[in-house]
Every structure is written in C-alpha cells, then in structure tokens.
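The chain that follows stands alone, in the form predicted alone, written as structure tokens.
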C-alpha cells in the first residue's frame, strides 16, 4: 500500500481499554461489575446511534451518564451520586492498551497522527492529558464539531474537511461499526482485532486486520 499521510485512530476500545471499567463497577456493584460495564458501554453506543438517527444531538458525556443511570435503574441497583461521579470520572482515566504508547512514539514524526472520536472535548482532552498522550497527536477531532455521531458519513467527512480531498487516510478502529462507516465513506481501514473475533457479516470487510497496533509497522512497510 502507499504510505498514508494521515493515520486516523478511534479512541475508545482502540487506544484505551474500556473493559477496565469493570473493576470500579465491581466495587460499586459486587458480583455484577463485568456485566454492568458491558451493558453500560452497549447502552452508551445505543443512545449515540438513537441520537444520530432521530436528529437530536446530545453530547457523548451526557449520553454516557444517561446510559450509566439507566443500566443501574434497569437492573434495580442503587447508584449513589458519589458512585455515579466516580464511574463517570473513570472515562477520563482509562488505561491505554499495553502497546499503544510505544507505537505512537515510533509513529510520531513520520506520519500525521490523528483522532476522530464520538467523545467530546470535555472527555478527550483530560483523557489524553491524564495518560500524557496529547503530545503524540497532530489533530484531535471530536464529532461535537459537526454534531453527528459515527458511523454517520457526516462524522467521517469532518476528516476530509480538515485535511482536503486528496490526502491519503488509513482509518484504524477496534469497533466493527466504526470500520464499516469509515470504509463505506471511502477510507482505507484497518480493524484492530485483539480478541480474534469474526468481522460483522454486513457485506463490507476491512482492508486490513491487525492483531494489535504493533502489526501496523509491517503493514506500513509493505
């Protein structure tokens, strides 16, 4: 492949591990932490998709809080205000996957490293700062700018609006729906498949499949 000028990463589940939310969820909801964090994440995305489809934009931070509250309510679990704030703060302190920082360090200076996220600046800025990752990115784009959630084409168009129509883009995400959206928009895509799962059966397949971000180097060499 031709060397892309812009490497555009998703952030949640791609660079930062949202499954680690289960630890604090377990402290708040003993015996239900792992399941709770999974449902919370699914409901968060569900609310974002509903927001997009109904044309009623709500910030990702608000959707995340609503999803948290609903998950607790639906399972008849008491959620104290203090615990709610603690779990919301976890989204600003997510741990990166083990290989991410070394990969970003090596990529820096050779490519334009970018983020496109459904998260708002109120979530992205502290998350990157807390991990000391803000220094690695040339561009951090939130869909707050266009008020359309991925996988809407209007979200991916934000990239083109920023870098122009002729620049090469490789879009990387661990989320199948994100890869499908970026691919259908016209970008080359690399799916980060850390768990060895089959891709969704939608008729679209990613251009490349990586076991983790370290595989990116051999891809770029060829």
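Owing to the predicted nature of the structure, the values given are computational and were not obtained by experimental measurement. Numbering follows the first chain given and starts at 1.
The same protein has a further form, the form predicted in complex with another copy of the chain, not shown here; the description that follows concerns it.
J.: Is it the case in the predicted complex that 94, 212 and 214 each bring at least one heavy atom within 4.5 Å of another copy of the chain?
T.: Heavy-atom distance to another copy of the chain in the predicted complex: none of the three under 4.5 Å.
J.: Which single stretch, out of 146 to 154, 79 to 87, 128 to 136, 99 to 107, brings residue heavy atoms within 4.5 Å of another copy of the chain in the predicted complex?
T.: Contact-bearing stretch, as computed: 146 to 154.
J.: Taking any heavy atom pair closer than or equal to 4.5 Å as contact, tell me whether residue 50 reaches another copy of the chain in the predicted complex.
T.: Output for residue 50 is yes: heavy atoms within 4.5 Å of another copy of the chain.
J.: Can you check whether residue 19 is within 4.5 Å of another copy of the chain in the predicted complex, heavy atom basis?
T.: Output for residue 19 is no: heavy atoms all beyond 4.5 Å of another copy of the chain.
J.: Indicate whether residue 181 is a 4.5 Å heavy atom neighbour of another copy of the chain in the predicted complex.
T.: Yes, residue 181 lies within 4.5 Å of another copy of the chain in the predicted complex.
J.: Is residue 41 a contact residue for another copy of the chain in the predicted complex, using a 4.5 Å heavy atom cut-off?
T.: Outside the cut-off, so no.
J.: Which residues, if any, of 192 to 216 lie within 4.5 Å of another copy of the chain in the predicted complex when only heavy atoms count?
T.: Read in sequence order, the residues that approach another copy of the chain (within 4.5 Å, in the predicted complex) are 198, 199, 200, 201, 202, 203.
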